[in-house]
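The data below hold one chain only, encoded as structure tokens and taken in the form predicted on its own.
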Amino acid sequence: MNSELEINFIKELETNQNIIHKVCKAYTNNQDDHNDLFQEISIQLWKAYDKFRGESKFTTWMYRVALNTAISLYRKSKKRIPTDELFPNSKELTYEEYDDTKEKQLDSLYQAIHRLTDIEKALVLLYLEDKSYKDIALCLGISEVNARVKMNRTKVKLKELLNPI
């Protein structure tokens, strides 16, 4: 890939890295795992970047890659991807530490999210990002109707987890 492509990728990644942080927060339980998953997702995004065709928004594509990476890695016992020199001709990615204080009020929600299935977690994350059901369906590779049905069932499940009788 050329250096212009690398620069564009780094710019997009820096601008939208909170998407990755949100996925990591939902699929990990501690900061070390969060950082490892962030790195794994970044690597997968880089590997797939030259295949991004622009048929959807960059953030929709980014969610799809991030969610697929998180789901597949944690289903396969945290399989690691080699971390070669990724950007030899460009500046280093400016990594912002995830500010946990912003999320403290959502801790109970995240605890409930951890108890959901992988697909339910993905649905909730995309829903909380105000993604349309069409975008949710595109990210998850399911029909829009299926996304609506699954989301309604997941909302009921979350309510039960957050408000046990």
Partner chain sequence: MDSLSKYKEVWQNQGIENPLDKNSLNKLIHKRSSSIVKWIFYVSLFEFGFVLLLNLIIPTDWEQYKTYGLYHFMIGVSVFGYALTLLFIFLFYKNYKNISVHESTKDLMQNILNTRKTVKYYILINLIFIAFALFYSFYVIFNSEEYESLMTKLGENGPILLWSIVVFAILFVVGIMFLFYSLIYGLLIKKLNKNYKELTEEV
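Numbering follows the first chain given and starts at 1. So that the term is clear: the rigid core is the largest set of C-alpha atoms that superpose within 1.5 Å between two forms. Nothing here was measured: the structure is a model prediction, and the numbers come from that model.
Keep in mind that the form predicted together with the partner chain is missing from the display, and what follows is about it.
Is there a heavy atom of T117 no more than 4.5 Å from a heavy atom of the partner chain in the predicted complex?
-> Yes, T117 lies within 4.5 Å of the partner chain in the predicted complex.
Does at least one non-hydrogen atom of E144 fall within 4.5 angstroms of the partner chain in the predicted complex?
-> No, E144 is distant from the partner.
Classify F58 as contacting or not contacting the partner chain in the predicted complex by the rule of any non-hydrogen atom within 4.5 angstroms, answering yes or no.
-> Judged by the heavy-atom cut-off of 4.5 Å, F58 is well away from the partner chain in the predicted complex.
Heavy atoms within 4.5 Å of the partner chain in the predicted complex: does K134 have any?
-> K134: no contact with the partner chain in the predicted complex.
Counting only non-hydrogen atoms and a 4.5 Å cut-off, give the residues of 127-143 close to the partner chain in the predicted complex.
-> Contacts from 127-143: Y127, L128, E129, D130, L138, C139, L140, G141, I142.
Comparing between this form and the one not shown on the rigid core, is the C-alpha shift at S143 2 Å or larger?
-> Where the cores coincide, S143 still shows a C-alpha shift between this form and the one not shown that is 2 Å or more.
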